[in-house]
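Next up: just one chain, as structure tokens, the form predicted on its own.
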Amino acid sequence: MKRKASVRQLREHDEEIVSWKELRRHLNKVTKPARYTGGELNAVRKDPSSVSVRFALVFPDVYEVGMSHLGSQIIYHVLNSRDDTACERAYSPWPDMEELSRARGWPLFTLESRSPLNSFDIIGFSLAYELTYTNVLAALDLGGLPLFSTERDERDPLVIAGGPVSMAAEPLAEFIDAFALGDGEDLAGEIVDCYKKWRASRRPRLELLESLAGIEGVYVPSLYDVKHSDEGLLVEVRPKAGAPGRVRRRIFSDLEKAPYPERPVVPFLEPVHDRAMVEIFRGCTRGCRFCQAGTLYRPVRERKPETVSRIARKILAASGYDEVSLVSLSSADYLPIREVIEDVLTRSPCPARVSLPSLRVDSFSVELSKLLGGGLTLAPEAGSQRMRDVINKNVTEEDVMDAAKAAFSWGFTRIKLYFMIGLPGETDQDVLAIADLAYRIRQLGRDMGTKPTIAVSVSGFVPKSHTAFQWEPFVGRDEIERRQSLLAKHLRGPGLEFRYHDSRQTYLEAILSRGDRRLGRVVYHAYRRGARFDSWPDMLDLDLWLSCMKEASLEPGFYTRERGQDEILPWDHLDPGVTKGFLLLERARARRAEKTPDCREAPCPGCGVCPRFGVAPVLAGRDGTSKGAGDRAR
């Protein structure tokens, strides 16, 4: 879509490109029109003439998914708390709305003011999943921007992206001006300040990018020359124009001081997660070797219980929600969790429920689920003890059976179990151990006088960057499907349910999540040929993607293969804080099925985050910091 006007022209006229009258006339032609209307409770609308910087925050998926994303709510709040900045929201239009927009000549617009993306100073994408890459390109195109960073000039908005995927998003390097790595509470404001200073200087756009590269946590891909060998191996990533050799992610060390949205925007449509959300802590100490989030959010930083309770009560009062979710990577690890739950249940301004999105596999978590009155989902991750030791899950079979016994004794008749298949070193016996475990849990329930239902959910394992398994191969789509079939044959009978993730999505994720910059051509051509919403199983056209890879002379197997330990990886110049040496040590321990203890209680395992970043774990309800890790940080 061609640009309708320059940023300067749009500001001078201060007019909506898409009028409410015109929008209302045509929205009955699309599904779920409320995705595009705006006007929600607690949405912030500022007069564009009263601010210095306009920021469009784009989530590259539909409204219902984006409105469930806590990170976007936090950044929206942080930016709108500034007097000089107006932050507005946009989401990917469903294909029927995209078709209507192109037919009517509508650009992608924000919900607050219905302004086109190209009228903003900065456009920021929240990247939570690799399979939204084509939606990013669609948003840029519909918003009236050149797709490639090199084609933008001083008239165009600055295009940035943040979120966990940004730590390994080389396939988007040609389309994004700058990536914001790590915690965004301070980083977002520093980017705005840098932009304001550059705009006042009236200097070339390149100087803006060079200035951004000087901010800790900002990665400007155009300031790095990337070279590959004839075999496709990455040979060199060379910084230029004073860019750092490695870009270190940002850490907000004290969540007690972190801004938090106590008046969240309340969606008109039911979102994927329809509840208030309070982040009780960030990070995790468990050290699961497959878990990328466990690396990217270290060290653990907990909020005080009184802070959590206060935020929860304020959100409930300001939103009308009747449920609050206490969010973290492992909520049952929060020592004062029961105290917080009881406080929210008894002191909320209105009757409210509490939910926990993540639980341990133990009887305490089951007890919490019973207290909260919700369903019960346990994640052993692997069926055999050997595989649980390989991935460092630190869950024994006794833990699993004790949790199941507690569940049945407290009246649960349905237990959901979550597993992965395709893990490094997994055999058919390990796969069948999933079915065996489900059978034994079902029998336990029957022996205790219930008629249990055991729902087994299985996803294919994807080796992720910045983890101990980043060098491991993806076992392949055919092999994932074979193991799914193997399980399906053995998970039959009354009281057993079996669901599994789409192997096509797993395969594409395995390609993109460890991809290099050359895959940008594939993303571009897939977008041009109609790829959208690849994270939706009924929307994904895998053959289209494979065809685009073939046209780019790239082999899928190159990206799903085992990586050499001395090989330069496409994300090596992005520093998560955890050292590569520690990840290699964990890989070696995995091959020996040797466990690494939780650093909440055990001595510091030496991942490197605390001493290198000058931070320490912050644990609520305890004196000081955790053993070992905090001492080493000091």
Partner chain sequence: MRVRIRYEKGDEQRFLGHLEVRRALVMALARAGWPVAMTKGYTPRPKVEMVAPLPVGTAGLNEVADVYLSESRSLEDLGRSLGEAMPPGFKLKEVWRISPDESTLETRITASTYRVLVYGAEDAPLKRALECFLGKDEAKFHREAREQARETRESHDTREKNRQIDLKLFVRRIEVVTSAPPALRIVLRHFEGRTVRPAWVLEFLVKHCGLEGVDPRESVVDREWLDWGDGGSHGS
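The structure displayed is predicted, hence computed values, not measured ones. Residue numbers count along the first chain shown, from 1.
Omitted here: the form predicted in complex with the partner chain. The next part is about that form.
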For the chain shown here without its partner, which stretch in 458-466, 269-277, 523-531, 246-254 has non-hydrogen atoms within 4.5 angstroms of the partner chain in the predicted bound form? 269-277
Considering only heavy atoms, tell me if P570 and the partner chain come within 4.5 Å of each other in the predicted bound form. no
V51 within 4.5 Å of the partner chain in the predicted bound form, heavy atoms: no
Is C350 near the partner chain? Define near as a heavy atom within 4.5 Å, in the predicted bound form. yes
Answer with yes or no whether A34 is in contact with the partner chain in the predicted bound form, where contact means some heavy atom within 4.5 Å. yes
Residue (of Y224, Y297, F419, Y321) lying close to the partner chain in the predicted bound form, criterion heavy atoms within 4.5 Å: Y321
Out of A488, A317, A103, L233, which one falls within 4.5 Å of the partner chain in the predicted bound form, going by heavy atoms? A317
Looking in the predicted bound form, the residues of 51-71 with a heavy atom no more than 4.5 Å from the partner chain, listed in order, are none
